[in-house]
Each structure stands twice: as structure tokens, then as C-alpha cells.
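Take a look at this one chain, the form predicted alone, written out in C-alpha cells.
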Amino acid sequence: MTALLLDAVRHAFGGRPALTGLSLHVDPGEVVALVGLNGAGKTTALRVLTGRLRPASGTARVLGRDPGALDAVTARRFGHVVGTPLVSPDLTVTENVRVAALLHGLPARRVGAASAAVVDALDLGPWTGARARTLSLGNAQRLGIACAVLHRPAALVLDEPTSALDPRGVVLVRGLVRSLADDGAAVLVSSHHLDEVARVADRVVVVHAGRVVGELEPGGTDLERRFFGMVLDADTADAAGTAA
């Protein structure tokens, strides 16, 4: 079963189209990267998938369910960081991770081990006693990801998860994402960094003007050139259609 699905999704803000029939899917065990220029519709699509936005039309599904009305069992199998992460600024790193574990439904007996594992995976050990509000931007981003994944979700959505990270942080997040997918999770990652997502993605989906305009082979050469060529071809086809 497809774990993450958007089918012919449309939405507009104040008459300005944001999604114009966007369709994509992510299967279990797969990492899909969503790439596009600013304003292409990436974050809007992720907001629909995480139930933060009800689209004007089309279908969204997370593990077979409507993301706007997930039951408790399905919600506990889902993880996401889109916009504000599940982090309290007044709690320490350890406290935030433990609270997230409980909110995601982990039994109390597993909270300690799961929290320690994700802190280690994202190298947050030196800051376990620090309050979240005192963290650097990069460490705060890693904490948000930790709180979203410590329950080893079956489906995961991340919006620009490495935007504030240094090279070591990028490698850590990349390894964590890959390990989740290798364990069977469906992972959708939005990013502006083509070279970076190509290192972890099984498929790279290009979004432009609110719809999917094609896919790029992650292991291919000239990734950036092919991306801009795909965007240009989409603009050219749109212009020709308008003129006709």
C-alpha cells in the first residue's frame, strides 16, 4: 500500500494558485525528495499531507487515512516537521524528547531507550540538559527532527530538514533518514539542495507551478542542469498553451 499520497490536489490562496493538480506517492521503504524553486508549491503540498491545510480539491492520504482526520493509531505511526516542530522552548533537550515519545504513544518502559537512541543518532548528547530556547539554530533543527522520528514512524514528512545544519549535521540527518527507510518507512523530504537530496533519495520529484513536472535520476550527472531544463520546458509548454 502506498504510504503517502497526493492525487490531483488543487489549492489557491486569495485567487493565487498554489497547487494545480499535484500528484505524487511514496511507498514503504522509499525516500522521495521533493524539489522546486521558491513558490513551486512544495511546502503547501506538505501542509496538505500533514493535515494542516484542507485542499480545495483532490485526495491526500497518510497510511491510507485522511491526514485531516487521522485516528490515534495512525497518528502514532506518522512523523513530520513542517513549520514549527513539536518542541517546547522551556523544556530541556531530554525533556522534549521524552515528552515527544509519550505523545507518540511509546510505552513508558521504552521511552528512556528510544530517547537515548535518537539523541545519540543526532549527536545531541552535549546539549541534553540545555533548554531548547538556548540552542543554536542547527541544534534546534536537529532536536525538532529527533522529536519527530524517535518512535520510528512508518511514514515521515520533512520540510527542508537540513537548511540550518552544518556538514556534520547534514550527514547525521541523511543517515537517520536512510535508516528509517531501510526499516520500511516511507519518507518524503522537501529541499532546495539538489546535490544533497540526491545522496539519500530513491526518487527526485520536481515540482513547478503547483504540479509535478517530472522526475530526476538521483545518481545521474548534471543534476542541476537537468532540473532547470525541466522547469524551462514546463514554462515553455505553459506559455504555448496560454497562447493557443
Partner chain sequence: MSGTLGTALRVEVLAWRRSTVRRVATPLLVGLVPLASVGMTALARAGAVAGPGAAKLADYAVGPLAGTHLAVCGQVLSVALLVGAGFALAAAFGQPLADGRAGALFGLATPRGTLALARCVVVLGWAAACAAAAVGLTVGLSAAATAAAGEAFGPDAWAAAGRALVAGLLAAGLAVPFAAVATVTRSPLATVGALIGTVALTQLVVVVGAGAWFPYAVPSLWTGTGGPDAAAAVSPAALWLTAAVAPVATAAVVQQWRRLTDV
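Numbering follows the first chain given and starts at 1. None of these values were measured; they are calculated from a predicted model.
Just so you know, the form predicted in complex with the partner chain exists too; it's not on screen, but the next bit is about it.
Trainee: Using a 4.5 angstroms cut-off on non-hydrogen atoms, would R152 count as touching the partner chain in the predicted bound form?
Mentor: Answer no; every heavy atom of R152 is more than 4.5 Å from the partner chain in the predicted bound form.
Trainee: With the cut-off set at 4.5 Å between non-hydrogen atoms, does L53 touch the partner chain in the predicted bound form?
Mentor: Taking the distances in the predicted bound form, the answer for L53 is yes, it comes within 4.5 Å of the partner chain.
Trainee: Determine whether any heavy atom of R47 comes within 4.5 Å of a heavy atom of the partner chain in the predicted bound form, and answer yes or no.
Mentor: Taking the distances in the predicted bound form, the answer for R47 is yes, it comes within 4.5 Å of the partner chain.
Trainee: Is V87 close to the partner chain in the predicted bound form, meaning a heavy atom pair under 4.5 Å apart or at it?
Mentor: Yes, V87 sits close enough to the partner chain in the predicted bound form that at least one of its heavy atoms falls within 4.5 Å.
Trainee: Going by heavy atom distances of 4.5 angstroms or less, which of A164, A130, V99, A121 would be at the interface with the partner chain in the predicted bound form?
Mentor: Of the candidates A164, A130, V99, A121, V99 is the one lying within 4.5 Å of the partner chain in the predicted bound form.
Trainee: Pick from 88-96, 166-174, 113-121, 135-143: which stretch has non-hydrogen atoms within 4.5 Å of the partner chain in the predicted bound form?
Mentor: Selected stretch: 88-96.
Trainee: Quick one: name the residues from 1-31 with any non-hydrogen atom within 4.5 angstroms of the partner chain in the predicted bound form.
Mentor: The stretch 1-31, when checked against the partner chain in the predicted bound form, contributes only F13 at the 4.5 Å heavy-atom cut-off.
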